[in-house]
Ligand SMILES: Cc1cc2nc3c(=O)[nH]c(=O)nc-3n(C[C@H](O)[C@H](O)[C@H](O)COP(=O)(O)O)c2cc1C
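Presented below, as C-alpha cells, is a lone chain in the form predicted on its own.
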C-alpha cells in the first residue's frame, strides 16, 4: 500500500502528460492501493472539444504516465478503464498489484516523462528512422489501437489540405478564437495554458514545412509580427522531414478515447527516449465533419483520435506550466 508521499510522486509524474491547450483536465483520488482518475468538469473547451474527446484522450496519457511512475517506484500497476453512464467523469482506476524491481527500460521510460515536451518549432532536416516507426506500429498496434504513418503522397496531400481548411475556418470562428486566447499565456510562471514562448514566431508562410501547427496568437487584437525579410543571397531554410502518424481506435466512446490516450503516452515516452519530439496536428480532428472527411480520404477502418508530427528537435523546447499536485490530488 502506498502512502501519501508516494502517491504525490506518482501524480506529480502523471500531470506532466500533454493535454489540449494544456488545460490539464484531470483530478485524482488515492486510497490505499488504488488511484481513481476523473475528468475535471471545470476545464471544458466547448468550442474546440464539445464532446470532451480530446480531453479524455489527454487523461488517458496521464493514466499511462502514472502506471510508468509506479513501475519506476517498484510497484506493479494495472489500469482499469471504467467510464460509466451513471458517473461518466470517472474515467479509470489504477490498482497497485504488487511490488517488484523495476527494469532498466522502465526506469528509462519514467525518466523520459520529465524530458518530454510538445515542440511546435521546426524540426531538423533529418528523417525519422523507418525502423523506429515500424517498432512503434508493432508496439502500439494492440488492444484496439492502431498507428498509421501518413507517408504516401496522396495521403499527405489530402491531410495537409484538410489541416489548412480547418485552420482557416476555425480562425474565423469568434468562439474558437476566444477560447484559444483564454488559454494562451504571456506569464512564463503560469500553471496552465500554452506559453507564448513555446510558439513559432514570424510569418507561418515561410515555415519550411507543409504541416501547419495550430496558430495561437497571444493578443486577439494584434497581428503576428512578420518574419525578417530574407536577403537575396540567403539560402532557403532547411526543410524539416517529420514523420506524421495517425493514431486511432476501433471504438469511438470514452473507453476508446482512453485507450488512445494510453497508447499515445506509450508512444511519446518511446520517442523521447529515442531523442525525438512531437507536436499535435489536431485541427484536422477538432470537428466531427473533419474527422469523417479524413477517415474517408485515407480509407481508414476505425476512428482517428490523434494526428502527430514527429521529428528531431532543433533546440530545447519550452516547458508548459503544471497545476500543483495538491490542487488535483485528494489522498484519503
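Just so we're clear, the structure is a prediction, and the values are computed from it rather than from any experiment. Numbering follows the first chain given and starts at 1.
Form predicted in complex with this ligand: not shown, discussed below.
S.K.: So, a 4.5 angstroms cut-off on heavy atom distances: do all three of 141, 249 and 300 pass it with respect to this ligand in the model of the complex?
M.R.: Not a single listed residue reaches this ligand in the model of the complex, so no.
S.K.: Going by a heavy atom distance of 4.5 Å, is residue 262 a contact of this ligand in the model of the complex?
M.R.: Contact check for residue 262: no, nothing within 4.5 Å of this ligand in the model of the complex.
S.K.: Is there a heavy atom of residue 150 lying 4.5 Å or less from a heavy atom of this ligand in the model of the complex?
M.R.: No, no contact at 4.5 Å.
S.K.: So in the model of the complex, does any heavy atom of residue 194 sit within 4.5 Å of this ligand?
M.R.: Taking the distances in the model of the complex, the answer for residue 194 is yes, it comes within 4.5 Å of this ligand.
S.K.: If we define contact as a non-hydrogen atom of the residue within 4.5 angstroms of the partner, is residue 322 a contact of this ligand in the model of the complex?
M.R.: Output for residue 322 is yes: heavy atoms within 4.5 Å of this ligand.
S.K.: With the partner removed from view, which of 152 to 160, 130 to 138, 77 to 85, 110 to 118 is the stretch that lies within 4.5 Å of this ligand in the model of the complex, judged by heavy atom distances?
M.R.: In the other structure, the partner sits against 110 to 118.
S.K.: In the model of the complex, which of the listed residues (63, 70, 306, 35) lies with a heavy atom within 4.5 Å of this ligand?
M.R.: The residue from 63, 70, 306, 35 that makes the contact is 306.
S.K.: Looking at this ligand in the model of the complex, which residues in 275 to 296 have at least one heavy atom within 4.5 Å of it?
M.R.: Contacts from 275 to 296: 280, 281, 282, 283.
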